[in-house]
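Just the one chain here, laid out as structure tokens, in the form predicted on its own.
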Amino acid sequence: MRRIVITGMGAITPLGNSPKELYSNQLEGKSGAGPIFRFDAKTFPTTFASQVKGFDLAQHIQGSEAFTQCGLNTKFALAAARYALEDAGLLQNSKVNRERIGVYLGSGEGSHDFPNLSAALAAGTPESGFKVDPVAFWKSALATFGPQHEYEMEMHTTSGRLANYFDLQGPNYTCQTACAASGQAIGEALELLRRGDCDIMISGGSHSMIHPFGVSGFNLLTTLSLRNHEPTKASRPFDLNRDGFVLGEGAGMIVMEELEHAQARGAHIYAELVGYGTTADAYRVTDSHPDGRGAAECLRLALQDAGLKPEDVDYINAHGTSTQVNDRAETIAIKHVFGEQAYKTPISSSKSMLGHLICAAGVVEMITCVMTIQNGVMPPTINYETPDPDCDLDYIPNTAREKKVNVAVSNSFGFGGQNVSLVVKRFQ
């Protein structure tokens, strides 16, 4: 089997716009949560989120004016991809065959044209509010909507943008498996590389649902925390008093490369990706299976693929959303696979600080795992105050912990029962 290594990383997140800054802020236990500034959310049940601050695409890539009408998904992805490719020495490398470099993203739906949609709805609704005038609606919409807004809503647009801008002519894929999407993309990119379809893949994800539709939807699903008075303490995975997750946004990208190809061009190797498991709960549209059925099998498959045993794992970066159902089910799944070893394996949730980056969550948490292997310090789970009897493992509460980590596991368990576990290992 071809060995696959990670040779580049890039991140645009609420805790910083580089892997180093992202990791450093997690070690300090900082939170990215705060009042929503992307739209006026004061009338919403949840008025806070974890947002990327001060982001301007022009500061990250050349020719940014061509992307002014693009949504945040594309903009975040372009910036993160640029840093990952630059880190890997591939940004303008003319010696590498671009036909053998592919893209696999886990991206969400793109931007919605809220201002023009709102104006068209207002134009088509008379003051009485009892009857809609479709002619007035369409006149307004046709005069203001642009075709770019339509294709920006499609998931595949982001991966296509990356291929076009960076001249990546190899396989190009997109998946949308909810919160597991970017983890799924990395796993599937791993398989493409293993079977020789390409030599290099840039993989990861990008997403922002911090808009009226996204926040409304999650509020209706009762999955968002309502701690409006203390946003930085709202995400509290595995804590007894958790009441939902904090919505986040951002992008993460990693460059994955066949080992001999990487060595031949003298690339720096961060770590080796050795295991991938994926399953479906086949249970409900949103809830995880309460017994962690799919998550446990997914984790078992990843370890089997890596040729490792539970006692070989030094650290788990949990999905850890801060919802009652997910945290309990993930704990059950880890116990089921690891047995007594589960109580000896340190676990933490980056979402306690980052919030939930939805389709970008898995890759950003994978980057955290790689940085942990590189630096020997495991990030904490912040806001852990009251133990939950159903969640009784070692969640590295509140303070980072030093430990040499050779093997780390990243879990991503999404809506619809989509499960992904990835195993990354110190390169030898």
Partner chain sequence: MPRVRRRAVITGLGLLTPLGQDPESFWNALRAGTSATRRISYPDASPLPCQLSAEVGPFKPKDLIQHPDPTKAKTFQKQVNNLMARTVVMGLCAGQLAFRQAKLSLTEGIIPERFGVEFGAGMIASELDDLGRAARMSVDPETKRPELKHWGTVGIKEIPPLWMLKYLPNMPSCHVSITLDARGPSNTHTLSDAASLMALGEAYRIIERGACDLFVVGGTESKMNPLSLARHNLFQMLSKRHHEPEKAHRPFDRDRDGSVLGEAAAALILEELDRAKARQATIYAELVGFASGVDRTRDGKVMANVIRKALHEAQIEPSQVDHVNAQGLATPFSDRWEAKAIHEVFGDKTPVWCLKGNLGTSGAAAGAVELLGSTLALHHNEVPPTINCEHPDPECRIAVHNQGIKPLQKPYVVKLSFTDMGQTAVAVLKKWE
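Everything quoted here is computed from the prediction, not taken from an experiment. Note that the rigid core is defined as the largest set of C-alphas that superpose within 1.5 Å between two forms. Residue numbers count along the first chain shown, from 1.
The form predicted together with the partner chain exists for this protein as well; it is not shown, and the discussion that follows is about that form.
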Taking a heavy atom within 4.5 Å as contact, would all three of 45, 218 and 284 count as contacting the partner chain in the predicted complex? yes
Which listed residue (91, 264, 240, 121) meets the criterion of a heavy atom within 4.5 Å of the partner chain in the predicted complex? 121
Only one of 309, 195, 344, 268 comes within 4.5 Å of the partner chain in the predicted complex by heavy atoms, so just point that one out. 195
Given 414 to 422, 6 to 14, 400 to 408, 21 to 29, the stretch touching the partner chain in the predicted complex at heavy atoms within 4.5 Å is 414 to 422
Quick check on residue 273: any heavy atom within 4.5 Å of the partner chain in the predicted complex? no
Taking any heavy atom pair closer than or equal to 4.5 Å as contact, tell me whether residue 292 reaches the partner chain in the predicted complex. no
Partner contact for residue 75 in the predicted complex: the partner chain, 4.5 angstroms, heavy atom: no
Exercise: residue 331 in contact with the partner chain in the predicted complex, heavy atom 4.5 Å: no
Contacts from 174 to 188 to the partner chain in the predicted complex (any heavy atom within 4.5 Å), listed N to C, are 174, 175, 176, 177, 178, 184, 188
Given a core-based superposition, decide whether the C-alpha of residue 280 shifts by 2 Å or more between this form and the one not shown. no
Look at residue 138 and decide if its Cα position differs by 2 Å or more between this form and the one not shown after superposing on the rigid core. yes
